[in-house]
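A single chain, nothing else alongside it, follows as structure tokens in the form predicted on its own.
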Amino acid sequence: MSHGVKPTRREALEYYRRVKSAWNLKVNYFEKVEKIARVESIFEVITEKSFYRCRSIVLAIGYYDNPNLMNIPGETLPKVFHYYKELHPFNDQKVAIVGGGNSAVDIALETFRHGADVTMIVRKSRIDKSVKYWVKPDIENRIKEGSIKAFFNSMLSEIKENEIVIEQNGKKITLENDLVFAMTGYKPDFEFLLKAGIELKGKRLKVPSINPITHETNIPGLFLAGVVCGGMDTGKWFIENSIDHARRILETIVKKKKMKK
């Protein structure tokens, strides 16, 4: 195990695998759900491989499948990434990171500590307030000492093969660049939620309609868990503070089952 504040990705995945084995959970891998429909008191679930019927459904779809695009020239170049997994290929590379939230900060610190020349491009005047409290002082100190360069009140306007163009206070700044991490946030699959009949509240935040105690949506028997519960407020829920969602949902399902007997 690591000696850091949190387990590594590999350690977390190993933990999840052991939970699956210990509880003998049935998991169907690589099977995309295409449609959910409620027929009287039964749900019909259609996937790309099969068809299922059930009385309760829990959606824990997160939001990482749908990155927010910058819509700027060069965004589709192979050197642009919206996701990050491996450290070592970025050693001794000029890395630009767009964003000032948790993902951007994590990547900035990790790539810096593995030998990258890191530049952050942040639209706001400072690192986001939502950045994890145990990480925020670290990134702020690295920026203050100059180990990590940061352009605040800035935006990335163009990506080229070997350069990037930054706009700051009406000026354009061109920097040499090898790789770009566009940590501009992600969004839940709202279209999927709407097709399932889930109501979304607020034009901007699009918060799914759920009971805050049971996590049941406006569709009886259909529940939401995890960060998807916050809609576009993707910083509201994360692993540490949504850990009880599963307990609440299962307690509700069991209670309903007993009432029907």
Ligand SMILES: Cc1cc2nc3c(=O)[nH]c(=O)nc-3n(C[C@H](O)[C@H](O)[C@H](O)COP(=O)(O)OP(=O)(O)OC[C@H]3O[C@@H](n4cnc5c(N)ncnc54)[C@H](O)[C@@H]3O)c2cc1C
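All residue numbers refer to positions in the sequence shown, first residue = 1. Note that the structure is a prediction, hence the values are computed from the model and not measured.
Here the subject shifts to the form predicted together with this ligand, a form of this protein not shown in this document.
S.K.: Among the candidate residues L200, I219, I57, A60, which is the single one with a non-hydrogen atom no more than 4.5 Å from this ligand in the predicted bound form?
M.R.: Contact residue from the list: A60.
S.K.: So this ligand isn't shown here. In the predicted bound form, which residue out of V227, M232, I210, A196 has a non-hydrogen atom within 4.5 Å of it?
M.R.: Looking at V227, M232, I210, A196 one by one, just V227 meets the 4.5 Å heavy-atom criterion.
S.K.: Although the partner isn't part of this model, could you tell me whether Y133 comes within 4.5 Å of this ligand in the predicted bound form, counting any heavy atom of the residue?
M.R.: Y133 lies outside the contact set for this ligand.
S.K.: Examine M70 and determine whether its closest non-hydrogen atom to this ligand in the predicted bound form is within 4.5 angstroms.
M.R.: No, M70 sits far enough from this ligand in the predicted bound form that none of its heavy atoms falls within 4.5 Å.
S.K.: Going by a heavy atom distance of 4.5 Å, is S103 a contact of this ligand in the predicted bound form?
M.R.: Result yes; S103 sits at the interface with this ligand in the predicted bound form.
S.K.: Does this ligand get within 4.5 angstroms of any non-hydrogen atom of D244 in the predicted bound form?
M.R.: No, no contact at 4.5 Å.
S.K.: Want to guess which of 123-131, 103-111, 149-157, 174-182 is within 4.5 Å of this ligand in the predicted bound form, heavy atoms only?
M.R.: Contact-bearing stretch, as computed: 103-111.
S.K.: Using a 4.5 Å cut-off on any heavy atom, which residues of 19-44 would contact this ligand in the predicted bound form?
M.R.: If the 4.5 Å heavy-atom criterion is applied to this ligand in the predicted bound form, 19-44 yields E31, K32, V33.
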